[in-house]
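Heads up, the chain below is alone and in the form predicted alone; it's given as structure tokens.
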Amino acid sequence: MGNLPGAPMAYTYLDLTFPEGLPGLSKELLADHLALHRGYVDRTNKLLEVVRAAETEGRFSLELKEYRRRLGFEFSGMRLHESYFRMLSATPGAPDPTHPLQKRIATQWGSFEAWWKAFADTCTMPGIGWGTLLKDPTNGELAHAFLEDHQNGVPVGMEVVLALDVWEHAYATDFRPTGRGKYVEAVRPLIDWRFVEAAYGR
């Protein structure tokens, strides 16, 4: 990415493929979606390169300000897709009732099923974006948030524990644009709770 002092290292694509698809999600849908992830990585790297070069050289402009703004969209899209694809599995780990995440879910929502209904309701809110389960690292509290696009609506300081892509590109191939609710339920048995619980505990 050039020879600038302190130049950022390039981000890389997830080394993932789903050649047979996943139960409930077709290989065509997943291949197209992974290609979109590649685009977020490419644009994140390019924006970081351009912004760092302009700042180092003192070339401040309206374009640079817009590049900085765009970086929030592309970088957040890259990170959320990383979380989303890593949690999907044809052989997912089940929730561990002894894990601190599951205990917190039970404390806050009363049961796993009650939590899931609240999470699914978040995921099916009107709009373009992501349904997320977030953790406040200061006290372990959980909250749901609908992140518009990728970067809007994030409670500052909270960490992503579980992210479900609900842009139409995540489901329309298999479920049609009106099938978001069916898609959310199709993803439920694919969630690898080993990954999600590790995200809470890190």
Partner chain sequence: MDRRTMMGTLAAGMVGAGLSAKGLGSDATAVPKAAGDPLADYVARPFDFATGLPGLSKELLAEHLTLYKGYVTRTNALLKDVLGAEKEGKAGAMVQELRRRLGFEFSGMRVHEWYFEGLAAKAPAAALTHPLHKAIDATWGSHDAWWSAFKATCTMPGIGWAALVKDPVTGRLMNAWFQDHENAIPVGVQPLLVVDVWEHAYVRDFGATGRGKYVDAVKPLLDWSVVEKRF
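Numbering follows the first chain given and starts at 1. Not measured: the values here are computed from a predicted model.
Unshown form predicted in complex with its partner chain; subsequent notes refer to it.
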Exactly one stretch in 35-43, 22-30, 55-63, 165-173 has heavy atoms within 4.5 Å of its partner chain in the predicted bound form; which is it?
55-63
Residue contact check: L48 to its partner chain in the predicted bound form, 4.5 Å heavy atom
yes
How about V161 - does it come within 4.5 Å of its partner chain in the predicted bound form, if we only consider non-hydrogen atoms?
no
Is there a non-hydrogen atom of W109 within 4.5 angstroms of a non-hydrogen atom of its partner chain in the predicted bound form?
yes
Looking at the partner-bound form in the predicted bound form, is G72 within 4.5 Å of its partner chain by any heavy atom?
yes
Residue by residue through 89-125, which ones have a non-hydrogen atom no more than 4.5 angstroms from its partner chain in the predicted bound form?
R104, T107, Q108, W109, K117, A118, D121, T122, T124, M125
